[in-house]
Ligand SMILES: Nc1ncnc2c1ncn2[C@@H]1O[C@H](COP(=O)(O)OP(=O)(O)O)[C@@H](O)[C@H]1O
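First comes one chain, alone, set out as structure tokens in the form predicted alone.
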């Protein structure tokens, strides 16, 4: 029987005593990827932060690999939508990646051990940035920076990756590069991933489940089961649509396609 990486039952998350999310019940099997969708303010980031043990004001059941989130913290890497690095500090790509173990092991920056630097170099190669170790982080492109942050998240050998809008603000070619890395992480490392996104299309090939929320659970299941016209309209408004064009299903919210899949023959 497959183990659940994340299991929630009647999960209600509070901020200042007020519910930000109410009554969520779902599970994510180990090694699977869940794509988390919903309009702005739906609670997507709140849910990621709660799973990552960065927010603890909740009721109901929430387990990560069978433990409360704070006890499973060492198994989780969380990559927020906006990084907090001060780009005025001249950090190299390798130094940024090495932080993934420095923080975990409480090393001081100027005492980065050789083992951490060696591993950082290896992980940079894994995300397709071999030879970029000594480039300044601030000089990298948006897609390269995102891949550096993914490499940093891998430094602690997590079993669960929580990614908040990893494709936002990237140009189309950078989206392809980052999506390829996420596919490689899934394929070669077998990590469980929960990814929030406004545009599911680039992530389609790695998404095993989709959860659609708007403060409450709207739908949870396989992509083709969840993203139906009536469901999309109920969350994103009457102008949103799920349509079929030449054998593909498209979900459109505003001016963004959030899903497409060619129907099985």
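Numbering follows the first chain given and starts at 1. Remember, predicted model here, so these are calculated numbers, not experimental data.
This protein has a second form, the form predicted in complex with this ligand, left out of what is shown; the following refers to that one.
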For this session: Could you work out which of 31, 60, 39, 202 is the residue within 4.5 angstroms of this ligand in the model of the complex, going by heavy atoms?
Result: 39
Exercise. Going by a heavy atom distance of 4.5 Å, is residue 207 a contact of this ligand in the model of the complex?
Worked result: no
For this session: May I ask you to check whether residue 69 falls inside a 4.5 Å heavy atom distance of this ligand in the model of the complex?
Result: no
Problem set entry | Contact flag, residue 223 vs this ligand in the model of the complex, heavy atom cut 4.5 Å | no
For this session: Consider residue 215 of the chain shown here, and say whether it contacts this ligand in the model of the complex, taking contact as heavy atoms within 4.5 Å.
Result: yes
For this session: Name the stretch: of 23-31, 41-49, 61-69, 230-238, exactly one has residues whose heavy atoms fall within 4.5 Å of this ligand in the model of the complex.
Result: 41-49
